[in-house]
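Shown below, as structure tokens, is a lone chain in the form predicted alone; questions about how it binds or moves come after it.
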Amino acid sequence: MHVLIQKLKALHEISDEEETALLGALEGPYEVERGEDIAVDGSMPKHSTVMLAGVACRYKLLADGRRQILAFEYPGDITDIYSYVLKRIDHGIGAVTKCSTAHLPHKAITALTEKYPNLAYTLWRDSLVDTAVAQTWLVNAGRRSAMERLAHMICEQFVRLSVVGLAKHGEPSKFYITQTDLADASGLSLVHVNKTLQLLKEKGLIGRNPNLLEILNWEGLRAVAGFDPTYLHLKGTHA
């Protein structure tokens, strides 16, 4: 199953005809090197971008160069479906790793959503889940401790990766997000992130290899984070 269909079907059921029409509208693939922008802050793209492989992030740069990561983007995610409606991108979308992407032209979105109302609903639902994630990150930054914040972030990444078959319980998987990325996403200093991850490792909740997403005690990590995956609005249970 195409990774985009796999992601969307975790949110809402779509028909074989809708799948074929959606995939037929994609253009690419296009390769984006690590550190390059997929979409530039302030730009007005004529397409939305579908992640096929790799990891990207939504981010905002402050005047002094500090970066705030707003969300991570994985295979199956449409990084900027909202640009179809809002037109202007109000933050950057950058490649955390080398990425493979596809373009979904805005003209094609118009044609698809007019012909297939159920597909329009699915894309709308996907966009609203992005908003739910953003709201949860605000709670993380405003009210959760450093340990709760990072534990919650790790839980979320695991569930989102598991939806598209890139993570499984009991099995370590590749994790390309660095401690610097985690610091920019959590609003914590790099030193604080390092110390907090060490505490999670000492508690036996996560593995010690920084290049792997290895959760040793899922229920324990969820308890520390206070993690409830319902804000991801998945059809089945992926936690």
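A quick note: this is a predicted structure, and the numbers were derived from the prediction, not measured. Don't overthink the numbering: it's just position in the shown sequence, from 1.
Although it is not shown, the form predicted together with a further copy of the same chain is what the next lines describe.
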> in the model of the complex, which of 208-216, 27-35, 62-70, 169-177 comes within 4.5 Å of a further copy of the same chain (heavy atoms)?
Replying inline: 62-70
>> For the three residues R125, R143 and Y231, which mark the spot I'm curious about, does each lie within 4.5 Å of a further copy of the same chain in the model of the complex through at least one heavy atom?
In response: yes
>> My question is simply whether T97 lines the interface with a further copy of the same chain in the model of the complex - judged by any non-hydrogen atom within 4.5 Å.
In response: no
> Even though a further copy of the same chain is not shown here, does R88 get within 4.5 Å of it in the model of the complex, heavy atoms only?
Replying inline: yes
> Within a 4.5 Å heavy atom cut-off, is L104 in contact with a further copy of the same chain in the model of the complex?
Replying inline: no
> Quick one: does S162 come within 4.5 Å of a further copy of the same chain in the model of the complex, counting heavy atoms only?
Replying inline: no
>> Under the 4.5 Å heavy atom criterion, name the residues of 171-203 that approach a further copy of the same chain in the model of the complex, in sequence order.
In response: A183, D184, G187, L188
